[in-house]
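One chain comes next, on its own, written out as structure tokens in the form predicted on its own.
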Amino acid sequence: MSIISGNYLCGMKKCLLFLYLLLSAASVSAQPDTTQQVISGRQNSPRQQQKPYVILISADGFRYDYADKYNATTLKTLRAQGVEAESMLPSFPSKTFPNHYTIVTGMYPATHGLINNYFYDPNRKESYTLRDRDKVEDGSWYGGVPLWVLAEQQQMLTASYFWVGSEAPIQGVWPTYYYKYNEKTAFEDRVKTVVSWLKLPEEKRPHLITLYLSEVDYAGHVFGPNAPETAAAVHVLDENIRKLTEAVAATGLPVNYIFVSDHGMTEIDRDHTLPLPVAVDTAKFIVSGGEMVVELHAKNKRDIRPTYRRLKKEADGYRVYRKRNMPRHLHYGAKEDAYKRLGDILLLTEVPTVFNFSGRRPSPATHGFDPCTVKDMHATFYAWGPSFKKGIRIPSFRNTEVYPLVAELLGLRYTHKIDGTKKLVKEVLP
């Protein structure tokens, strides 16, 4: 081994160790529920037992260019056997919870109601936050019909090893098999569980499995998208995908894979962040959000116009909108606001500027910006398996298109209105 390659491997080992220690330190101290949740009394109908299988994998924060940037050999090999998209456009805001839920509902965030990771609902007079287990597990916060609900309603069993919304009874329905989120769960344990699901008797075997992985996003936030620690996280994920696909292949089942991410990652200006504008009177407005999207909810509607006008005059480093005049391409305005959760006034920054109300120096990188203007926000889409065309590359598309694709693969019918179309279906299926 040469000195250069030896030093490189040592450096990578240090990066992996450092990443592991940071992930361990960031984990919550409370002991989460790690038992598998099983809804009894269900089974696949005879018709559904004949359907293929889909494993939908999300690698949080896996930017559209990471596989090539960091030479993720397993993913590059697998995508070459099926479909590779130039990129996948997240919905606005390009945040984790809204986009994971968009992928499984085919609806924009303002339409399905999960408008951000943290947001205020004026009708309920309470806030949803991803760290509040009671909110996360309360199905009344979630609109739309997630793929697992659609499947279960048609007597097709599903399983989820973490996905936004899977821990809540949406329309009274959970996946048949699911886990409560716990980032400490070893990937090897997840692989064993997925394989065990696929080895169940046909009437008990899930045909849709969702699997969520967080490590790349964490590394991107803490170290930035260009850091060796992020490269290490990509390599670890790539190796884990190899382990998963090899273990699943041993079952001999016709499994289709869809590998996606929710958003990308970009560096921000940590030294020149924006405070809450002086024009915002917190006695008159409830402030929700932060970073690149701030939502102002008026306690009295008469305060909207004068505050809006003052903000427009004083705006420096951000743009000011009322929700009725938001840019149409964002699909984040009054027309889409099905649950009336968008702010009366919205403040949007442009990369690399963010709002910072905490007083703490922010992490070096983040996401949430308009993906139509910031390419770094773009996500990943690869698909392979017996049902897909082989060796094709397609243009970028919106993540609302994934829902119709999975429904088509599994032969699931839907009649409710979604924002996705069947354009992707026609491009990637024979």
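The first residue of the shown sequence is 1; numbering continues from there. Since this is a predicted model, take the numbers as computed values, not measurements.
Below: the form predicted in complex with a small molecule, not depicted.
Among 339 to 347, 82 to 90, 212 to 220, 294 to 302, which stretch sits within 4.5 Å of the small molecule in the predicted complex, heavy atoms only?
Going through the listed ranges, the match is 212 to 220.
Contacting member of Arg328, Lys313, Arg131, Lys125, with respect to the small molecule in the predicted complex [4.5 Å, heavy atom]:
Only one option qualifies, and that one is Arg131.
Tell me, out of Asp370, Asp60, Asp376, Glu401, which residue has a non-hydrogen atom within 4.5 angstroms of the small molecule in the predicted complex.
Looking at the other structure, the residue within range turns out to be Asp60.
Can you check whether Tyr181 is within 4.5 Å of the small molecule in the predicted complex, heavy atom basis?
Within the cut-off, so yes.
Considering only heavy atoms, tell me if Glu167 and the small molecule come within 4.5 Å of each other in the predicted complex.
Heavy-atom contact with the small molecule at 4.5 Å: present for Glu167.
I'd like to know if His207 sits close to the small molecule in the predicted complex, meaning any non-hydrogen atom pair within 4.5 angstroms.
So His207 does not count as contacting the small molecule.
So, Thr96 and the small molecule: in the predicted complex, are they within 4.5 Å at any heavy atom pair?
Output for Thr96 is yes: heavy atoms within 4.5 Å of the small molecule.
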